[in-house]
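One chain comes next, on its own, written out as structure tokens in the form predicted alone.
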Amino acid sequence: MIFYIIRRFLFLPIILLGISLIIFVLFSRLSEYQRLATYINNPERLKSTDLDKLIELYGLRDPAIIQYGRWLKNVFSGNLGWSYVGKEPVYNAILRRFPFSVELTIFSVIPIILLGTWFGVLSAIHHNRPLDHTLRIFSVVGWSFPDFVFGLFILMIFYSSLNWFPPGNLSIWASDILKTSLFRSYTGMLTIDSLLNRRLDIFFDALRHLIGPVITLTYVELAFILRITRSSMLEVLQKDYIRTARAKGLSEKVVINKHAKRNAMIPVATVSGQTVLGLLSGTVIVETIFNRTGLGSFMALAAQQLDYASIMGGTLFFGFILIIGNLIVDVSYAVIDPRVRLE
């Protein structure tokens, strides 16, 4: 397995190079004036009346292979251009917003995986019984519910009517404290930083703003994990080694937890890994509905305003996240089931 991981890491630069080439080819169809923002980190230079000189300076009329090499050099140096949406360099805009998406992912993925697998196992164990029917209805409704509709329901009930879980990242008073020297940012994640600063008032305020989007993501994604776990468990429970374990007199608890559940977790690990990657890649709709300044809402706004530099930088960043995430998912197979050997 170690050699497999090393080999995958060695292939990472090649895969990233391929992704960068696809992105560059797509954006090379834009005009030279539109592509200027991906090279310039100073917005004042883009206001120049003599943009043709800037185009010549950055070689945007050179052969494509030369332009690609120059763009890659900028990428490796951290120069992804200027973000009109963020009003700052794209690199800074991504790093400043990504922790908000990570925070939302952490708080969402824990109940999604834990509750999804637990409910799925319960549903399989009580196959065709009232509990199974109830959980199946719960999962079908959740998976059929568009997240933007469910998110609007959450806003309407818990914010508009009850005023419990407001949108945004923080209340105004808490945001004002973050701008002062009294609050120090360590991770960019509000809940963790507030604890490190010993500000429980800010922690509970950040948590209050997280509950709405977390409920929305949890219900929609949990329903899918539940269905996958249930199907996998039902298949495993029909295997011969499960019948043999029961024939030996092992308790049902041992049969389920030691023999059935672990063998049923491989497809669940795949789906769970992809769920985490999807959340990390930016929950565009949920972040937009709840007015959270994460990477998803940033990319959506960049697309609306044709902010090409932000789109290119964000797409490249998402590609890197997906590649690393898929490697972790592959390795997790062998951890969950020792019979799996990665070659």
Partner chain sequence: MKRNRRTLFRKFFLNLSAFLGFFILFVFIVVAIFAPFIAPPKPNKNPYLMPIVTWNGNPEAPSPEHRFGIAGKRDIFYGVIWGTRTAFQVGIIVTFVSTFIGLVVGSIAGYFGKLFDEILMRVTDVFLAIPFLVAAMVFTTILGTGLDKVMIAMTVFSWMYPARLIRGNILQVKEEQYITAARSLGVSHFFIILRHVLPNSIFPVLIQASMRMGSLVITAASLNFLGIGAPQGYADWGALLNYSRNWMLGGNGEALKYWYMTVFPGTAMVLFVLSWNLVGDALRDFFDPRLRI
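Positions refer to the first chain, counted from 1. Just so we're clear, the structure is a prediction, and the values are computed from it rather than from any experiment.
Missing here is the form predicted together with its partner chain; even so, the following discussion is about that form.
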* One stretch from 210-218, 106-114, 185-193, 133-141 that, in the predicted complex, holds residues within 4.5 Å of its partner chain by heavy atom -> 133-141
* Asked: in the predicted complex, does residue 27 have a heavy atom within 4.5 Å of its partner chain?
  -> yes
* To do: Considering only heavy atoms, tell me if residue 325 and its partner chain come within 4.5 Å of each other in the predicted complex.
  => no
* **its partner chain contact in the predicted complex: residue 118, any heavy atom under 4.5 Å** => no
* Asked: Would residue 54 count as a contact of its partner chain in the predicted complex, using a 4.5 angstroms cut-off between non-hydrogen atoms?
  -> no
* To do: Note that its partner chain is not shown here; using its position in the predicted complex, name the residues of 205-231 with a heavy atom within 4.5 Å of it, in sequence order.
  => 227, 230, 231
